[in-house]
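This document starts with one chain, in the form predicted on its own, laid out as structure tokens.
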């Protein structure tokens, strides 16, 4: 496979996963912002939303103070934000168009139809803070990502085209889950709030909903919402599809498949194995004893390094 083709497949999957994540974060933040609280005008929900998508610095440089309307526009519509929903869908569709022959007809039709529908919605010149209109766009982004994922899973051959797409999906998903956890512990809950208080409970429930994990949490733990159990679910539980360990189990599997097909291994396989082994050989108590923020920071750095090595090893031509 040409490196250019692999690169387009890899980034198609990353952009679709990112659009889904940003849509879920915006939806979750809208719910959190609607909760009554005695914190006045300095509520941090939208700042945390921008931070968890890696867009806070770019937002403040371009727009200054964080406002709900400004954050929504930046995360959903702004062409200057590479991670905005419309930019992700545009970029994903462009990647898919460049490699149409490597995709099944069903996968291409799903991406193209979703892109056309998004253009119709954003071209309607609706009030971008209107709850119903915004909800339609957010629902479309989530549905499009799920449909593309399902089409790929159900219709594509299990060959290098499929494997590079899966790599992109799980690299992006691992990054998103890690950043979400880090932001919750360091930004979302203000210092004046009590861990385990009413606000904390609703914030954590909203976070679980953001990654479709609320039902899974109840099935696994049969307990009330507790921060350390949520961290355990999203970091170390292999049966949770968005957990860090589940992502890296899949990353290792698909990197091994590529290595067998191409007859050689490299730095990307070594890094993935190192990260997976670290996750397999730790406990949530060890994670917290060393500091969750420090653990997540190291993980994100390793994930970024793995992405760079995958690009160097396979995607740069």
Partner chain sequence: MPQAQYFDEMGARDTPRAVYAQVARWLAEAPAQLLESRRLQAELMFRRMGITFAVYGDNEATERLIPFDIVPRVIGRSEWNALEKGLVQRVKALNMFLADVYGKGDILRAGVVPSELVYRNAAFRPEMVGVPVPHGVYVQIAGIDIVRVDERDFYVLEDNARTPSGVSYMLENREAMMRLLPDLFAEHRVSPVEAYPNELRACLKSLAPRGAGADSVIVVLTPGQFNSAYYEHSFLADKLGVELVEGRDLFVRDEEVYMRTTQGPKRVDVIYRRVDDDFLDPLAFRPDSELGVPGLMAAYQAGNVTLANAVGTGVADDKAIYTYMPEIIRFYLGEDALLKNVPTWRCREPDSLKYVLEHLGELVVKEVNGSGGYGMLVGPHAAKDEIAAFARKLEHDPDNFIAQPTLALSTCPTSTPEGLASRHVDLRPFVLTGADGSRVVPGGLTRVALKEGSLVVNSSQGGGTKDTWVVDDPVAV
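Numbering follows the first chain given and starts at 1. Bear in mind that the values here come from a model prediction, so they are computed numbers and not experimental data.
From this point on, the text means the form predicted together with the partner chain, which you will not see here.
In short, of 109-117, 77-85, 235-243, 145-153 it is 109-117 that has heavy atoms within 4.5 Å of the partner chain in the model of the complex.
Taking a 4.5 Å heavy atom cutoff to the partner chain in the model of the complex, the contact residue among 171, 181, 99, 208 is 99. For the chain shown alone, residue 94 is a contact residue for the partner chain in the model of the complex, at least one non-hydrogen atom being within 4.5 angstroms. A residue is said to contact a partner when one of its heavy atoms sits within 4.5 Å of a partner heavy atom; residue 160 meets this definition for the partner chain in the model of the complex. The closest heavy atom approach of residue 262 to the partner chain in the model of the complex falls within 4.5 Å. Although the partner chain is not shown here, in the model of the complex the stretch 1-29 places heavy atoms of 1, 2, 3, 4, 5, 6 within 4.5 Å of it, in sequence order.
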